[in-house]
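Okay, so here's just one chain, in structure tokens, the form predicted on its own.
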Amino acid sequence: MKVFHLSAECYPVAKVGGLADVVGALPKYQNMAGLQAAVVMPYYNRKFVQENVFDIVFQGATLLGTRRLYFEILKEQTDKLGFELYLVKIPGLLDREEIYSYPDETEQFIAFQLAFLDWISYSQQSPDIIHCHDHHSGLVPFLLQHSKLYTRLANITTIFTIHNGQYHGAFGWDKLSYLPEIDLTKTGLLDWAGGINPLATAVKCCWRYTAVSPTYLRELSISSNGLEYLFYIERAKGSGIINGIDTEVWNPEKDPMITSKFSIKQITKGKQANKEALCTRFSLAPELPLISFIGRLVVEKGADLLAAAMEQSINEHPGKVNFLILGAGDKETEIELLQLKAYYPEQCNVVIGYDEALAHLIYAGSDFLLMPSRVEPCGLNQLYALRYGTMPLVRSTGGLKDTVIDFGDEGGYGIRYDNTSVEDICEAVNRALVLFDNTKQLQALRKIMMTLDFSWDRSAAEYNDLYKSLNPII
């Protein structure tokens, strides 16, 4: 079974969030399970592309309205990521450094999809399945079915995965001309709320869609930025599959980015060594419980509440808790956190930005990881934390609810709370501090965390079963 994953991101080529981690791991594990999985993404002038060798495997042209765009399909020579990687390069459009936020972003992603379809149509590279990820590839299921240009490809199975249903990629009908000739009686499939909505279009037209956790699948019909009714009426097509993590990359026994490698047998000694390195680097006391946050400093992640919650906890527990923040995003939130660092330098440190190596060390050296998310379709940070014996403190939403069981419940190993509020965050911190003083119980819970299986082997098998259910003869 040949599968093409279409995505705007793929780690380590280009990453903004969890989408990149998923697309950078899932096809590798699918290949190990016997599929032929590949990734197709836009070309970005970034470090990975500059440092690796690519072959031009196809050259062609596509039309974006009246603009003729010449494109190249480049393939990474060695399949070093564990799968075939193809880049769609269009001079002046898909050859830039950044992934998002250009004023012609709509044109970029439409052109990406058209070039991909032209390539597989002209080169006879027809896969059995096209697996589209988020709205950046959401028009593909529609175009396969309702554009005369791609009639030959109409029987290809399409799967659509929603990593974040808040972003739709919507644009006005004035840009309909960017699409190739379509059956104009089917334009209702493109429409939502008076515009062309690629995410809604994909949900309507794909064979099946998935969300990245069962709870998030249910939440989409409650909160999806205006698509709630669509997800309600299309619920029979949906399924929830929790993301996995790449256990080769996230492995405390082999991780080259942490100070001291450790297994479940050396968890106490190993975590303490990493914690001491972390605290020395950021001038924090290693004997105190360390609560960390890693991620985008945006409202969806509950980051706007961090400064207030941290200050309240520090005042309630003076000299008894440390906080460490790694992230970037909303400028006002960044300023608030940096001010907090200045007020409480002995109990709080903040790094604005993102550093992959530092993130690994934080997972390894922290006692607790705070995730006060308002929206969390799946969440990967809590899975990374569990892999390193770091207890997640999470709001009960989306994939956090599916992957973290409160230690007060049977079989539990984390801390969960219900509301995105300063009060609930502080109560979770209070519970964490009480637990930290119970060394024996905390060590027992850490051992449970490190034995949990959130690998891509499990998740990839679920996707493969979904593929086979739609292609029983393959």
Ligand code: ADP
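Numbers follow the displayed sequence, beginning with 1. Quick caveat, the model's predicted, so the values are computed rather than measured.
Form predicted in complex with adenosine-5'-diphosphate: not shown, discussed below.
Next on the checklist: If the cut-off is 4.5 angstroms on heavy atoms, which of these, 330, 248, 355, 128, is the one near adenosine-5'-diphosphate in the predicted complex?
Outcome noted: Contact residue from the list: 355.
Item to check | Sole residue of 284, 93, 326, 217 within 4.5 Å of adenosine-5'-diphosphate in the predicted complex, by heavy atom | outcome: Of 284, 93, 326, 217, the residue with a heavy atom within 4.5 Å of adenosine-5'-diphosphate in the predicted complex is 326.
Item to check | Answer range among 379-387, 257-265, 180-188, 274-282 for contact with adenosine-5'-diphosphate, defined in the predicted complex as heavy atoms within 4.5 Å | outcome: Partner-contacting stretch among the options: 379-387.
Checklist entry - Taking heavy atoms and a 4.5 Å cut-off, does residue 16 contact adenosine-5'-diphosphate in the predicted complex? => result Heavy-atom contact with adenosine-5'-diphosphate at 4.5 Å: present for residue 16.
Checklist entry - Does residue 372 reach adenosine-5'-diphosphate in the predicted complex, with heavy atoms at most 4.5 Å apart? => result Residue-level check for residue 372: no, no contact with adenosine-5'-diphosphate.
Item to check | 4.5 Å heavy atom contact, residue 142 and adenosine-5'-diphosphate in the predicted complex | outcome: Taking the distances in the predicted complex, the answer for residue 142 is no, it never comes within 4.5 Å of adenosine-5'-diphosphate.
Item to check | residue 168: touches adenosine-5'-diphosphate in the predicted complex, heavy atom cutoff 4.5 angstroms | outcome: Although adenosine-5'-diphosphate is absent here, residue 168 would stay clear of it in the predicted complex, with no heavy atoms inside 4.5 Å.
Checklist entry - Which of the residues spanning 289-319 lie within 4.5 Å of adenosine-5'-diphosphate in the predicted complex, based on heavy atoms? => result Residues within 4.5 Å: 294, 295, 296, 301.
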